[in-house]
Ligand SMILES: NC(=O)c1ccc[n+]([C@@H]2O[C@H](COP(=O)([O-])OP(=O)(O)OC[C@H]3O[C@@H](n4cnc5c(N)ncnc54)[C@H](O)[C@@H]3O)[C@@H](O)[C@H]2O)c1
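One chain is shown next in structure tokens, namely the form predicted alone.
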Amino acid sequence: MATAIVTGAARGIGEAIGRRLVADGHDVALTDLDADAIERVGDEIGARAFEHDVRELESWEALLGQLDDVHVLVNNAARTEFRSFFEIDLAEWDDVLATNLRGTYLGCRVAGAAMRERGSGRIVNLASDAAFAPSGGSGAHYAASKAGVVAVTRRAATELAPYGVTVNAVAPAAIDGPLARGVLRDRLNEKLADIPIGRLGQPEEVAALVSFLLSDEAGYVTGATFDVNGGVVMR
């Protein structure tokens, strides 16, 4: 059975994607920096779990060395920071870019090479509405990293398409969970008023779109970015 990797899967959207892919019948490998949390999720949903640092090439190579026949990669791991443009510490800037952008690039590079050799595969990268919205609560480093994810997605899609590998991105916004509700605790009603659909999105709604993009039915879709934002950004 082909293996599906989901990074940053210990909670939130990543966990929801892992659960959906297990339900879809994939042999799922969940990864996260939080070894204890990813083990708990893996045990709960019947998936393998790996401690993994997406920022490091060696960690990617070690992960792929433990897995057979990787056919699916979901690059979800990210560091989210909400900070003023003029208050971002340079170390934080570098780490957000390393986690969100370099991590996505390395995943596409290492897993994509294996898929290219195999002659088929599916990659989905998690971007964000922050890549397209000129304002919002996210920091400039987070927005820049997610805009970079969209660019990496297009380039990887172009290079891998001749080998039967599709690469797409999903750009969520305001997805319900501890992070969103923590950030929005003082202005949740104000935020909801800015969302045409009038509510926060659910992680399972993002997972459903990812599931489609990983399916055979999505074989003619590549290099695209799909919004899951309740109408906050319309393109």
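Note that the structure is predicted; figures quoted are calculated from it, not measured. Residue numbers run from 1 along the displayed sequence.
Missing here is the form predicted in complex with this ligand; even so, the following discussion is about that form.
Checked against this ligand in the predicted bound form, the residues 210, 29, 54, 167 give one hit for a heavy atom within 4.5 Å, which is 54. When this ligand is considered in the predicted bound form, only one residue from 175, 70, 47, 63 comes within 4.5 Å through any heavy atom, namely 175. Annotated contact segment (heavy atom within 4.5 Å of this ligand in the predicted bound form): 72-80, selected among 105-113, 86-94, 72-80, 150-158. Taking the partner from elsewhere, residue 127 is found to have a heavy atom lying within 4.5 Å of this ligand in the predicted bound form.
When this ligand is considered in the predicted bound form, residue 192 lies well away from it, no heavy atom lying within 4.5 Å. Remark: residue 122 does not count among the residues lining this ligand in the predicted bound form, judged by a heavy atom distance of 4.5 Å or less.
Though the partner is left out of this view, residue 13 does reach within 4.5 Å of this ligand in the predicted bound form, counting heavy atoms only. Residues of 196-235 include none with a non-hydrogen atom no more than 4.5 angstroms from this ligand in the predicted bound form.
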